[in-house]
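There is one chain below, alone, in structure tokens, taken in the form predicted on its own.
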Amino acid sequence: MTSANALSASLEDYLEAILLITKTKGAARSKDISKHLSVKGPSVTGALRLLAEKDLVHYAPYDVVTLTAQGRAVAENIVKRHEALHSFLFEVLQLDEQTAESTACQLEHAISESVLERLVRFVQFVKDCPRGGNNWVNGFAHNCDSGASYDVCEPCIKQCMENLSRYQKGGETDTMQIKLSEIQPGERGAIESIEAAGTIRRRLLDMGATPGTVVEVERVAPMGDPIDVKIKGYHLSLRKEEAAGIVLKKIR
């Protein structure tokens, strides 16, 4: 099986583009890939032929381009790396959106699986730890922007202790159980149980989604279906009935 490490950065970009275009349009054509990557037609043709030789895409001139099962697995791993890096750069390092996006594109080709897993866990830890959270991250951003010194730590430490006290008393959480299908965009919850069955249950378990894992709702379609969520750095789209099978403990 071809791994992402066996591909050049350029070929990885092509696989990622094909996956993203397919998710948006249902199928990818050479002209779509050319536009997405801002490259000329002959370059696209050469790359697709190489990917077809590696059994990563189904390609024939003037026909739609589709990923093989192996190609989709590699492409999804590339997207996962990109999203994890973007999340770290944008949400933790507080870089602007454009810089975070372009830098993630450069770094995604070099990061190892072990480093990626540690980075995803760090982003989640920063969000969930009562000593961290958004206030801590925003404080870091302020320090970078203002060049503030570290001789004004006392107010920050005092606030941290107050936040920790509220957290220990249960003031930062809502112990009520709620279905994933019932929470709103921007809200989060820790998995209590996964009652969903079949493919979606296997996908969640493969992602490492176990009790205690934090789920964040990113978007809910106007009619309530589908629901886009973020779990351990992965972005996942769930049908409402699938989301109803995931029980959470809501986090404020």
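Counting begins at 1, following the sequence as shown. Quick caveat, the model's predicted, so the values are computed rather than measured.
Beyond what is shown, the protein has a form predicted in complex with the DNA; the following relates to that form.
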*asked:* To verify the annotation, which of these, 185, 211, 26, 41, has a non-hydrogen atom within 4.5 Å of the DNA in the model of the complex?
replied: 41
*asked:* Residue-level contact is defined here as any heavy atom of the residue lying within 4.5 Å of the DNA in the model of the complex; does residue 45 satisfy this criterion?
replied: yes
*Looking at the partner-bound form in the model of the complex, is residue 61 within 4.5 Å of the DNA by any heavy atom?*
yes
*Proximity of residue 31 to the DNA in the model of the complex, heavy atoms at 4.5 Å*: yes
*residue 49: heavy atom within 4.5 Å of the DNA in the model of the complex?*
yes
*Counting only heavy atoms and a 4.5 Å cutoff, which of 198-206, 185-193, 61-69, 221-229 contacts the DNA in the model of the complex?*
61-69
